[in-house]
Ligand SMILES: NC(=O)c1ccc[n+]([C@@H]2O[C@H](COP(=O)([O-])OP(=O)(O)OC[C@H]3O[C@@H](n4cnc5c(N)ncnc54)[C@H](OP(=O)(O)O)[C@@H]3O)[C@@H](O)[C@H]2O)c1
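The chain that follows stands alone, in the form predicted alone, written as structure tokens.
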């Protein structure tokens, strides 16, 4: 990958939360190849392949209870990308009808899609660089747009991503008061060939099902282009803003 442009400097330090997932791993690999990236902190709950933990990548295991300690251990950061997300599990899937709603499943989906990225932002935003460009990005989804909801269904996933978008907007307003060169944004990666989308790929046109490396590359293109004027917004992989 060429160097990260768009106002980023040299010797960048980057943190990827959810680095063990499909998009997270692709982001780590791309960022590690950028000549102006000094260190990539690959932070994962499931652990990383040992072969991936070679400089400039530093692998860090985390749990819900260690986010604060990990943040405190990190140096000043140029870029954070949080890739956490869940759509389905062994015993549940996205709701097709209100009859499918379950408190237990809703709590789990909101925990992963909304609460954890928000708590990561709470700890990581104070670690962002102040005197040069810095970006905090969390993976959201187009289906989190209330105005774009024309099909219904997928209650918990839609609502958890909509809630994440509000958290991003609210965090961005507060963050901008002290971090004038920073942006806090959401990113929609498209439909990517990962475990999250696997059960739902049959209805996706081949050209709209993205390889993780392609999606990671396009998301980094967006990150390069954003600045303080774009803070609080949600962008798709192609750079188009997604409205609330």
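Every value quoted in this text rests on a predicted model; they were computed, and no experiment measured them. Numbering follows the first chain given and starts at 1.
This next part talks about the form predicted together with the ligand, which is not shown.
The ligand is not drawn, but in the predicted bound form it has no heavy atom within 4.5 Å of residue 216.
Mapping the unseen interface onto this chain, residue 81 falls outside it, with no heavy atom inside 4.5 Å of the ligand in the predicted bound form. Heavy atoms of residue 108 reach within 4.5 Å of the ligand in the predicted bound form, making it an interface residue.
Put simply, residue 196 is close to the ligand in the predicted bound form: some heavy atom of it is within 4.5 Å. Per the 4.5 Å heavy atom criterion, the ligand in the predicted bound form is contacted by stretch 136-144, the sole one of 170-178, 72-80, 136-144, 121-129. Using a 4.5 Å heavy atom cutoff, none of 183, 186 and 228 lies near the ligand in the predicted bound form.
The single residue of 113-137 lying near the ligand in the predicted bound form is 116, the criterion being any heavy atom within 4.5 Å.
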